[in-house]
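A single chain comes next, written as structure tokens; it is the form predicted alone.
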Amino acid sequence: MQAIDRLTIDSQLEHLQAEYVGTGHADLNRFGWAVNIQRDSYASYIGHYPLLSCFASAENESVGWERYNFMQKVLLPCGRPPEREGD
């Protein structure tokens, strides 16, 4: 691989990470990555009505109530963040 190819790949990756939050970066820890995945999933469930109605019928709830529950889960999808060791 030539140096110019590596520079192009690195600049494309930096652009992707700046544009899309969920793509991660070198400083992203395991908890942050899991939060991104869960929030993306809940946002997709809320945004796609057929999927939302499938969840609602499986849990025997109304679609509005299921949407509300998913919106509440978006706030803290993986619980409270772990304590930092350095602080």
Partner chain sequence: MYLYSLTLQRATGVVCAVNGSFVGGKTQEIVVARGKTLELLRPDEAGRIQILHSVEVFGAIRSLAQFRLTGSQKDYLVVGSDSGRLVILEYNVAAARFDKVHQETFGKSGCRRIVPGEYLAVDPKGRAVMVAACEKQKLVYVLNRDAAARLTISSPLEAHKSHVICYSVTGIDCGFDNPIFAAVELDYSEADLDPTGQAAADAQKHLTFYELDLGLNHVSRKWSEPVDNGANLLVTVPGGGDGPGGVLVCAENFVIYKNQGHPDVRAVIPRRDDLPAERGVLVVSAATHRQKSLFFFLLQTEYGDIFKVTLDHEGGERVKELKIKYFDTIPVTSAMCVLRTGFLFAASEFGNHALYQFQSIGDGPDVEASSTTLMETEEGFQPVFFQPRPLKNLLRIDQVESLMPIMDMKVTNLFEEETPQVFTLCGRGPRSSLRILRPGLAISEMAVSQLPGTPSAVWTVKKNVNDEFDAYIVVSFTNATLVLSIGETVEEVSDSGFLDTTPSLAVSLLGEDSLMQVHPNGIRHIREDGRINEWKTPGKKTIVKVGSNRQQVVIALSGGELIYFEMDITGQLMEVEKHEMPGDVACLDIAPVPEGRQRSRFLAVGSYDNTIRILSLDPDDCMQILSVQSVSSPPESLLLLEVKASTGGEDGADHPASVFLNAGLQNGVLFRTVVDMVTGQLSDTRSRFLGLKPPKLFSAMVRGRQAMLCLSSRPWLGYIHQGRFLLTPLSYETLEYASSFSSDQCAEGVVAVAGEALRVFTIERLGETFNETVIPLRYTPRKFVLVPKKKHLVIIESDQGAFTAQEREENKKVFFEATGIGENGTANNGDQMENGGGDNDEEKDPLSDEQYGYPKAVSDKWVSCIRVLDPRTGETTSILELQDNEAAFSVCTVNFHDKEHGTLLAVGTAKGLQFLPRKSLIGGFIHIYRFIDDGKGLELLHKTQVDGVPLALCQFQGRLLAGIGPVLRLYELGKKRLLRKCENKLFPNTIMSIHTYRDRIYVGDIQESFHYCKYRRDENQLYVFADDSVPRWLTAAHHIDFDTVAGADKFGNIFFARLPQDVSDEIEEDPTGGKIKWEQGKLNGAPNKVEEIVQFHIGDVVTCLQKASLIPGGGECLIYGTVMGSLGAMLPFTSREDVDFFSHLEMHIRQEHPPLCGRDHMAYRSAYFPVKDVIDGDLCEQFPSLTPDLQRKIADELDRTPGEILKKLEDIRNKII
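Positions refer to the first chain, counted from 1. Please read all numbers here as calculations on a predicted model, not as lab measurements.
Unshown form predicted in complex with its partner chain; subsequent notes refer to it.
Chemist: In the predicted complex, is there a heavy atom of its partner chain that lies within 4.5 Å of any heavy atom of A56, even though the partner is absent here?
Modeler: Close contact exists here: in the predicted complex, A56 approaches its partner chain to within 4.5 Å, heavy atoms only.
Chemist: Taking its partner chain as it sits in the predicted complex, is I46 near enough to touch it, meaning that at least one heavy atom pair lies within 4.5 angstroms?
Modeler: Flag for I46 set to yes.
Chemist: Taking any heavy atom pair closer than or equal to 4.5 Å as contact, tell me whether Q12 reaches its partner chain in the predicted complex.
Modeler: Contact with its partner chain, no.
Chemist: Could you run down 46 to 75 and flag each residue that has a heavy atom within 4.5 Å of its partner chain in the predicted complex?
Modeler: Stretch hits, in order: I46, G47, H48, Y49, P50, L51, S53, C54, F55, A56, S57, A58, E59, N60, E61, S62, V63, G64, W65, R67, Y68, M71, Q72, V74, L75.
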